[in-house]
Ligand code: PD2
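Before any questions on how it binds or moves, here is one chain, the form predicted on its own, in structure tokens.
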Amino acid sequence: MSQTITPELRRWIVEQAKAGFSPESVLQSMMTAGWTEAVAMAAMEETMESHVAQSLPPAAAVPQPDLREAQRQVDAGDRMVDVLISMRSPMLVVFGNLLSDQECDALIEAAQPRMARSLTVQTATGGEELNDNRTSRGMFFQRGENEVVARIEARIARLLQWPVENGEGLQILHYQPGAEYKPHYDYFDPQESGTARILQRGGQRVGTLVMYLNEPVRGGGTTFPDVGLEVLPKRGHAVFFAYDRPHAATRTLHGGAPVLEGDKWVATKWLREKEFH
């Protein structure tokens, strides 16, 4: 006789989870009560996925390239950009040929005199702080600060279908041997007291574009632990990922793996919900 997953069973599973029982113990209780293992596991997976979805913050619109027809290239206005990898969960795309060699060199040259130890946003206060998890050096360009920056920002806006004014200033980061950025999320934690102040400048971050300006000899990849992906730096290439809500369910935990030999230069563009000022 087939077994049916009833609303009563779903409610019972949620109640057990809220009471702190482990998935293993809930599964064992169901099997002891006569449910087959296959049905019990299906009931738990479906119920918990639905329960988590109901408890998530509302989803926001996010920047994304037009990949509806599985295109190998996307028109970014002044440049055709290659699509090398495309994922749905997380929403992630690896681009090739986003920047020219000359643009990579120009960004590094303009940034070098202004480099300083990289800071991270302090969500408890809304300010910035040194963080042992981030051992790079960096600087920010103002949006549209020079011709090269303005050209690249216009290209990104066309590529990701997101307004230029919704982007933070381009950040340049330099990682020397041993430098890294341990896994983290780019959205601002809604539970932190300083987040409300940060959001006044343009709302939540909803997307990140990391552009590789050079290639370290070894190491320095961009890692995504939740999906077991590592994007290795290739000059002119980039990795883009979006997060439609400030929650780990977006699977956008990521980090900069340690540089093992040589050094690494990247340009990062963070995109906000609204105009950034």
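Heads up: residue numbers just count along the shown sequence, starting at 1. Owing to the predicted nature of the structure, the values given are computational and were not obtained by experimental measurement.
There is also a form predicted together with the ligand; it is not shown, and the following applies to it.
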| item | value |
| --- | --- |
| Answer option from 92, 107, 173, 156, heavy atom within 4.5 Å of the ligand in the predicted complex | 173 |
| 192, 103, 168, 186 - the one with a heavy atom within 4.5 Å of the ligand in the predicted complex | 186 |
| Partner proximity in the predicted complex: residue 13 to the ligand, non-hydrogen atom cutoff 4.5 Å | no |
| Proximity of residue 26 to the ligand in the predicted complex, heavy atoms at 4.5 Å | no |
| Interface membership of residue 210, the ligand in the predicted complex, 4.5 Å heavy atom rule | yes |
| In the predicted complex, residue 262 touching the ligand (heavy atom, 4.5 Å) | no |
| Candidate stretches 60-68, 27-35, 248-256, 40-48 - the one whose heavy atoms come within 4.5 Å of the ligand in the predicted complex | 248-256 |
